Ligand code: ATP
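A single chain, nothing else alongside it, follows as structure tokens in the form predicted on its own.
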Amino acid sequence: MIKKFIPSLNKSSKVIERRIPVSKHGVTRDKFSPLSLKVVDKLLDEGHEAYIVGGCIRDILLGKTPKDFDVATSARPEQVQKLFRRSRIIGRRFKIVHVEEKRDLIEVTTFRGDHKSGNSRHATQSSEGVLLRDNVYGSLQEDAVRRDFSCNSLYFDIDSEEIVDFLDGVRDIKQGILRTIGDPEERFREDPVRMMRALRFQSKLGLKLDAKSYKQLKQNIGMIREVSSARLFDEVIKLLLHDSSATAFKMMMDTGLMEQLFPSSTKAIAAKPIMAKLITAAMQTTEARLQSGKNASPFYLYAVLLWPAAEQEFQEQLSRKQPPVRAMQTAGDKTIAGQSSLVSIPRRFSQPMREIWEMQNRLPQRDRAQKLLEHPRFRAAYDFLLVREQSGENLDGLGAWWTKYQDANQQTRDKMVSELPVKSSNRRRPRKRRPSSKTQ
């Protein structure tokens, strides 16, 4: 193992460059996507430094199959773009180059430098310390200390198959530690989304955040509201749509993140604790779907997270003598509108959410079962109904009835509907006319 002392951005401390041979870590070229190797090869041929970097190396060391592959290079974004025909520069806060080939996509970033050394054109911070623009470039060593966690500050040399490790990231992974690089408070303030990433890595990878970082996370969780509502929409999906969703939701509750992102639902959960069980049951269902290779829809996730608030508002509308259909429509509109300033939800997701909620009032209308079964949101609404029952809500066996109905043939379905209790009619009987006193 080759070691070299490199001065860090903080002159009072040093980072150590370790080049760990493949015989020690077992990560080989064939573990990475062909496109990521092609991108690095091309950059090296052009005289630039380039490495595969970050999460994909971490995942391989943890025995997982990576889905995304990133590259870090000394080349500037404009230089990278010129080398690859199908590439484009994205982002304002920090420029990234997307290189595409068929269905594969590689994110290429330029080595980052100390943002404090850049001028206002390249690095800008808000009064709260949030980095609004961060296009200061530097060396490989500077890039290493600018990353969020030690487990993500790993670089793979495709020629030697060595892992370049400046901050003991490999050791931390082996010990199950998620360690923030540098001062946790400063790093979380620079980009509050790092707090959500910390929870995601803990729940998804089984790593444990170090005590100092966890303390700062809880103390600074309110900083998450400095993040744009559009970015938070995507980050919530990343945090919860994986095979440890229930664990991630518990962490959201324990750290106060749920209250910061979904205050109306958190308030409703405090008033009606069964709602926390409902969300947990939904997260467990999500885990099962993903583990079996099925998809999980973002609109279903958000329908679950905001149901406590929507149901509370629905009950409020009913108390005002609103008809159930109108009450749920009003509740849905108010809930989504109230949420939009914190976590914005695009219309292509908010409309299916409303339909799932409104279907909860329609599913008890079993005399219209065939028509309801053909509704495009039936399956999601049915799954939602089952989650409500799993959480302990008494719905008089409605979920079991719909399960049997879906599995039955047409003859059995017709019989099930015919055997339903006859609803009493609330229609007023026609008034009898009095005989006319007039003589004909």
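Keep in mind it's a predicted model, so treat the numbers as computed, not measured. One-based numbering along the sequence shown.
The form predicted together with the named molecule exists for this protein as well; it is not shown, and the discussion that follows is about that form.
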Quick check on this chain: which one of Gln360, Gln329, Asn152, Gln260 has a heavy atom within 4.5 Å of the named molecule in the predicted bound form? Asn152
Interface residue in the predicted bound form among Lys277, Arg289, Arg197, Lys250, criterion: non-hydrogen atom within 4.5 angstroms of the named molecule: Arg197
Which of 375 to 383, 59 to 67, 40 to 48, 399 to 407 sits within 4.5 Å of the named molecule in the predicted bound form, heavy atom basis: 59 to 67
Does the named molecule come within 4.5 Å of any heavy atom of Phe299 in the predicted bound form? no
If we define contact as a non-hydrogen atom of the residue within 4.5 angstroms of the partner, is Arg146 a contact of the named molecule in the predicted bound form? yes
Although the partner isn't part of this model, could you tell me whether Lys215 comes within 4.5 Å of the named molecule in the predicted bound form, counting any heavy atom of the residue? no
Does the 4.5 Å heavy atom contact test between Tyr137 and the named molecule in the predicted bound form come out positive? no
Contacts from 24 to 48 to the named molecule in the predicted bound form (any heavy atom within 4.5 Å), listed N to C, are none
